[in-house]
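The form predicted on its own is given below as one chain in structure tokens.
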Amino acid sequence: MNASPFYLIAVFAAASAAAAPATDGPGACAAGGSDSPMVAAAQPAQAPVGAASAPSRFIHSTPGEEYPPYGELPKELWPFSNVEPYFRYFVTRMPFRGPGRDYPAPTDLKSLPIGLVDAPRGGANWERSVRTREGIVLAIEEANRERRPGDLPFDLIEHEGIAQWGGAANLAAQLADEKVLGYLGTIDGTDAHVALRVTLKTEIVMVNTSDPDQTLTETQIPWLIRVMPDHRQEEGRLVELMVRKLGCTRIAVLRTGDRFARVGAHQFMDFARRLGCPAVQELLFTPGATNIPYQIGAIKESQPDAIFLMGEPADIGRFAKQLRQAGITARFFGTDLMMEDAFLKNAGDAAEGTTFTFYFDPARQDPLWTGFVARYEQRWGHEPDAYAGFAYDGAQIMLHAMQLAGPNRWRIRDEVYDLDYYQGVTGWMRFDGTGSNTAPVRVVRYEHGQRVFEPQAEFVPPAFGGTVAHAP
């Protein structure tokens, strides 16, 4: 990790050569002291692939447009799908009707501050938070290199997470005192929810880069979007595969007792129940536990044909091995954390045949992704993962909004929150009425110690020739 202090990091870079003005292109940057954007001309051949490039990568909402409800999932997975409700939420984008868009811009700005709330040091998400930070820093450094002479630099104001309930609220309030124009984070669902409540009061938009809690964007607080697909996309895809394609009917759930696994596993069990296969067991383990004989015995007695595993990859890898040693032959399923090396290392041969979901294939040759990988490796000395990629994309959305809106955080909110589609290094995103990315996820299997992605066409929005299979 970078040796810079983790509490407050100012990222400045030398200005690039001046470019002719345009309306919305690469290198676009808000001018300090003015509430109208000043932007630079597009130069695709010279600009880094990521930083606020072609305007077509940002497709904003149409007034009055209706969005498919419930994460664009099939209707059979909706709650109360067999009844016609009196009112459906989330089919339109929540408006913000407060003042602020016409407030004069600050006149004393020396930079354009962006906040970041990290995970607590030493916690389960610390290493993921480090990679998140690296993606964000890279995006800001690139944007600063592209700015024109006289434009203010972007400044990252960063705070390490506090490992206690409510700590994220204090950090969100502190960022408001430090007059950030928007902020990024967090990974932990509890921190994200708590910080969002403060965001409602401080009116500073948050781009969440890595919390999959599906309830986060359903709070009807129009100051947040999430760039990583949530539990609904992953668990919905898994349940349909398990029940509809593979014919699994006796499903056991083994999960850790933290909020992440509780929210995700309960979403999974809701989906399974709606398809007529309620879980035969739901068993918990303590994070870091080494042996779980009671849970393994209960699972064996229930005779499942599928086991859904959720927790830290080192833990579930260790328990997958113990389940096989106990003679349990049920198929293993899980979500994106199984992509991490710790699962395969601890599971060993027990990983064979395990099926899980992930957001995109890191081996794909899309120029946006390969260009990002090359720049990231050059900057940090190692390959990026999904957390770094989504953090970079989230930062690009924030930077682009600031470049268009100028230093007015209400107008920045409008640019961020009204996105329908965005093409990032992680692929095309599509945002629903809550501001959550509902792009389809991929199915992956472990075969002979290798991760094998099932063939699947890349998602492309209708404006680019693709189709969107909205739920009826």
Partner chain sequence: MKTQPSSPFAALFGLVFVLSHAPGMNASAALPETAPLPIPVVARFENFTEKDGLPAHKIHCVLKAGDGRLWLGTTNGLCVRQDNGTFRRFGIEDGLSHLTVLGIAEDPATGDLWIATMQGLSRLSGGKFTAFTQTNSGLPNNVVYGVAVAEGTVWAATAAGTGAYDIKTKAWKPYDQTNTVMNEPWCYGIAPGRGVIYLGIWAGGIVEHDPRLGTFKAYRDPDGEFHIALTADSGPIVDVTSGVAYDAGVLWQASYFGLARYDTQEATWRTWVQDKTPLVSNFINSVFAHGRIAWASTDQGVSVTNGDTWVNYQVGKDGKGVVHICRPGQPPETRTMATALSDGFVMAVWADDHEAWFATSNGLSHGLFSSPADQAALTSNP
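Numbering follows the first chain given and starts at 1. Everything quoted here is computed from the prediction, not taken from an experiment.
We do not show the form predicted in complex with its partner chain, though everything after this point is about it.
This chain is displayed alone, yet in the predicted complex one of T249, T215, Q303, N291 has a heavy atom within 4.5 Å of its partner chain; that residue is T215.
The single contact residue among H400, R232, H159, R147, judged by any heavy atom lying within 4.5 Å of its partner chain in the predicted complex, is R232. With the partner omitted here, the stretch from 377 to 385, 215 to 223, 294 to 302, 281 to 289 that lies within 4.5 Å of its partner chain by heavy atoms in the predicted complex is 215 to 223. For a residue to qualify, one of its non-hydrogen atoms must sit within 4.5 Å of its partner chain in the predicted complex; none of D366, R445 and G466 qualifies. Using a 4.5 angstroms threshold between heavy atoms, R97 counts as touching its partner chain in the predicted complex. Contact annotation: Y67 falls within 4.5 Å of its partner chain in the predicted complex, judged by heavy atom distances. Taking the partner from the other structure, its partner chain in the predicted complex has a heavy atom within 4.5 Å of a heavy atom of T434. The shortest heavy atom separation between F358 and its partner chain in the predicted complex exceeds 4.5 Å. If you take 79 to 107 and check each residue for a heavy atom within 4.5 Å of its partner chain in the predicted complex, you get P79, F80, V83, P85, Y86, F87, R88, Y89, F90, T92, M94, P95, F96, R97, G98, P99, Y103, in sequence order.
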